[in-house]
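Take a look at this single chain in structure tokens; it is the form predicted on its own.
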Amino acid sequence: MNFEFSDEQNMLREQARAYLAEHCSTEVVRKVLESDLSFDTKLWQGTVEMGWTSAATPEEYSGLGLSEMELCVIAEELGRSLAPIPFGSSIYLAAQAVLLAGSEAQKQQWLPRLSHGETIGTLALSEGAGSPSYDLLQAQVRNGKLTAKKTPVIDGMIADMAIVVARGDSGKPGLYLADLSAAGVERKLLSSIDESRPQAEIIFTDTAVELLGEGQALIEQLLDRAAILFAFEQLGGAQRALEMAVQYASERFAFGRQIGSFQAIKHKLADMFATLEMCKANCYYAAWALTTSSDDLPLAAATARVSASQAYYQCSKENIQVHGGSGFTWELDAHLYYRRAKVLSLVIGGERRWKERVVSQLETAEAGAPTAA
């Protein structure tokens, strides 16, 4: 079984890396961090013009009609460059939700706008500290009106629409589409460790919403797909953090020797590499499971998500350590990757949530039952 990317997909990777190297340096990221900007509008428009936002959208909805594999390639390169744009919230979450659960009318209305960058979307899932829980879900929809407090919501201050996880009249959890310019929507900017991916608190008070679809299985299906795409973004960031550490260890001398020749540094770099390779293997398998609609998709997605969160955190943290005293300074770029690692590890539920999903999927498989969606 081959989990490698095709020549065409690798060509897309090279083109994306070259474009981002020119248009998304760390100076661009710092400009967003050090100003009142919520994201880089020029870079966002550039990704639209490159066709990245419409890559996995079917042609009948004004997309390019490519597969999720191409979207995984793009996600990985966006992660390497720390792109300060709402790509993940709008494309991995909102667009995927509409594509997965929307009616034909909803797809015709929203997918072209999301794919062309005219509308920015997000997912309103969490309701405070701790992993999202269906049993404790407070958001309620009654007669088409939503009452909820969702926090934190990534890119919630700049989003035009949100897919909200709420409990409907039937009592089942579902996905509801909310126009964030509608009456009864109040937003508040939250302090975040990474202001280039800002978080918001959104309060809905009798806000009119549209039902996309109901059922816990549907929500989990959306989160599984998003988990794989975010895992590739985390993989890209982890790879770049390791490269920075290796480069510094090769160039920095102490006591007349490269610090990379010291055993302590060798072990750090080796541990980073091993963790990264495990992450890469899990991500590649998850991408294959996604594009083939394999029965292993839920387990593969959860495994990739846990592995990518661990790899990005370890590589970004140890990159700071390898750089020594300078690693903790604002001027060095190492902290930018650490910040992004922390934010991405929580965006669709923390590591604990995904570890529990791994265990539940393994228990289901061991019991001989079909893997739940």
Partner chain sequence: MDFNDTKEEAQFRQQAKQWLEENIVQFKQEFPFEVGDNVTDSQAAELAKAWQKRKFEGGWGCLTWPKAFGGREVSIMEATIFAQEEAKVMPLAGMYIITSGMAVPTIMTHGTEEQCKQLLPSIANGERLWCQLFSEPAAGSDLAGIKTRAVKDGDDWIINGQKVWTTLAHVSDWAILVVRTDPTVAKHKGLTYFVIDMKSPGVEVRPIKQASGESEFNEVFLTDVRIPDSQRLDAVGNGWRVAMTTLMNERVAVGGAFSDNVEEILEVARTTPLGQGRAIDDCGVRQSIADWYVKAAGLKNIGLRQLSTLSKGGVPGPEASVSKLVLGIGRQDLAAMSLDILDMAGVLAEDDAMGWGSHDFFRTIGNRLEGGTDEILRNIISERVLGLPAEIRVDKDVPFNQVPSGA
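It should be emphasised that the depicted structure is a prediction, and the values quoted were computed from it without experimental measurement. Numbering follows the first chain given and starts at 1.
The same protein also exists as the form predicted in complex with its partner chain; that form is not shown, yet it is the one meant from here on.
Asks: Is its partner chain in the model of the complex close enough to 19, 45 and 228 that every residue in that trio has a heavy atom within 4.5 angstroms of it?
Replies: No, none of the three is in contact.
Asks: Give me the residue from 117, 152, 102, 174 that has a heavy atom within 4.5 Å of its partner chain in the model of the complex.
Replies: When its partner chain is considered in the model of the complex, the option within 4.5 Å is 152.
Asks: Given that its partner chain is left out here, which of 343, 37, 64, 50 has a heavy atom within 4.5 Å of it in the model of the complex?
Replies: After the contact test, the surviving option is 343.
Asks: For the chain shown here without its partner, which stretch in 76-84, 285-293, 89-97, 212-220 has non-hydrogen atoms within 4.5 angstroms of its partner chain in the model of the complex?
Replies: Stretch with heavy atoms near the partner: 285-293.
Asks: So, in the model of the complex, is residue 299 in contact with its partner chain at a 4.5 angstroms heavy atom limit?
Replies: Yes, residue 299 is a contact residue.
Asks: Would you check, heavy atoms only and a 4.5 Å threshold, whether residue 303 touches its partner chain in the model of the complex?
Replies: Answer yes; at least one heavy atom of residue 303 falls within 4.5 Å of its partner chain in the model of the complex.
Asks: Using the partner position in the model of the complex, report whether residue 8 sits within 4.5 Å of its partner chain, counting heavy atoms only.
Replies: Heavy-atom contact with its partner chain at 4.5 Å: absent for residue 8.
Asks: Can any non-hydrogen atom of residue 163 be found within 4.5 angstroms of its partner chain in the model of the complex?
Replies: Close contact is absent here: in the model of the complex, residue 163 is far from its partner chain, nothing within 4.5 Å, heavy atoms only.
Asks: What residues, if any, in 297-320 have a non-hydrogen atom within 4.5 angstroms of its partner chain in the model of the complex?
Replies: Result: 299, 303, 306, 307, 310, 313, 317, 318, 320.
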